[in-house]
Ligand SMILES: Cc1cc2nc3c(=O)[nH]c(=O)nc-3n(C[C@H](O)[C@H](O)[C@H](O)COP(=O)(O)OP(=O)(O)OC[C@H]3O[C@@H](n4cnc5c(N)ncnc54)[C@H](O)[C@@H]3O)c2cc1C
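Presented as C-alpha cells, the chain that follows is alone, the form predicted on its own.
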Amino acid sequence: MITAPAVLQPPASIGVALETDKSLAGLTSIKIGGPADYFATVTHPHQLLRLVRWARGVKLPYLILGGGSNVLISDAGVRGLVIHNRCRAIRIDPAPCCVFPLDERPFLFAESGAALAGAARTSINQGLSGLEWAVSVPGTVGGAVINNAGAHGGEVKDSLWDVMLLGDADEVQTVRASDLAYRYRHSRLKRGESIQGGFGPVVLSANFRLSPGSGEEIRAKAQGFLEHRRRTQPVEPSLGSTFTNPPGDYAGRLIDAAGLRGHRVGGIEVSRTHANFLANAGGVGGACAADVLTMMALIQARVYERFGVELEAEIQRVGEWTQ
C-alpha cells in the first residue's frame, strides 16, 4: 500500500481533483478491474505534465491509463494514482497539397490520449497514407507508441517520426523514433509484462510522417481493414490480442488447433470468432482478472504440450497481484 495521507489533493492550479477508490473496470476494453486508490482525468497536456510532476514530488506512484485495451487490471486494483489520459488533439501540419518531396511530407500530430483509430481516420480524410492499418485498432496513441501497435502488416514504427516525453528528471524531451529500440510489439518505453504504479517517463504526443496519395485508394484500403475486423474479431468486451504471434505462425491458429476455441473459465471465454481473443461474456461484473489469468495459463500449457511453442503475453498486467 502507498504511504500517502488518506486525503490527498494536488494544488488547485493544476485544474484537476482526485477521486478515491475509483472502479476502473468501466474504463477497460474487457470491463474488468478493481479500484484505484486515487484517480484523476486530464484533458490537456499541461494538466498531465503538472499532475505527474506533483505526484513525483509527493512520492505518489502513478499509472497512465489510455483506452484501456491490451491491459488487464487486477481485481485488487491499483495502488497510487491512476491518471486517465484524455488529451486528444489531432492535427495535420502542414496541410497536404499536391506532392511533397520526401523530406517535406506532412506530419500528423496527435496528443497521447487521442484514439489511434481517430488519428488514422484524420489522415485518411486528408488523403494521407501511412496509418490506414490503424483504422481498426483500439487504444490510444500513447499506448500504441509504447507497444509498437500494429495490424494488417503495418506498425507504429513504420511512420512514427518522433515523440514528446516527460523524462525521469522532469524534463520535456523530443525523442526520434529511431531511438526507441522498436521491435515486434515492443519499445524501450515498455515496462514489462506486469506493471504497477511508478515514476517512469510519460508520452505526451507523437508526430507521424505520412505521404500524400490517392484518397480513393486510401479510403478503400481502410474500409477493407474495417470489414476484416468486423468479420474476424469478437464484439464482446475483450483484451484485444492476448498473445503475440510466434515466429512463422499465429497464436490464434495454435489456440484453435489445441481445441480451446469456445472454452470457458468463469466469465471468460476463448472467443469463437478469433481464438487469440478472450471475451468477457457478461460485461462489467461478468468476469474477473483471476479468470483471465487462469485461462491464459491453461492456453499456454495446452499449446506447449501440443506444439512445443511457448506463447508470450501481448497484454500487460496492471496493478497489485498475488499470483
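Residue positions are given as counts along the sequence shown, with the first one as 1. Note that this is a predicted model, so its numbers are computed, not measured.
Omitted from view is the form predicted in complex with this ligand, to which the following refers.
Residues placing heavy atoms within 4.5 Å of this ligand in the model of the complex fall in a single listed stretch, namely 66-74, out of 267-275, 35-43, 66-74, 253-261. At the 4.5 Å threshold, heavy atoms of P138 reach this ligand in the model of the complex. Contact annotation: R229 falls within 4.5 Å of this ligand in the model of the complex, judged by heavy atom distances. Under a 4.5 angstroms non-hydrogen atom cutoff, this ligand in the model of the complex has Q233 among its neighbouring residues. Although the partner is absent here, S112 sits close enough that one of its heavy atoms falls within 4.5 Å of this ligand in the model of the complex. Not one of D93, T122 and G215 is positioned with any heavy atom within 4.5 Å of this ligand in the model of the complex. Checked against this ligand in the model of the complex, the residues P246, P201, G118, G127 give one hit for a heavy atom within 4.5 Å, which is P201. Heavy atoms closer than or equal to 4.5 Å to this ligand in the model of the complex belong, across 215-251, to the residues R229, Q233, S238, L239, G240, ordered by sequence position.
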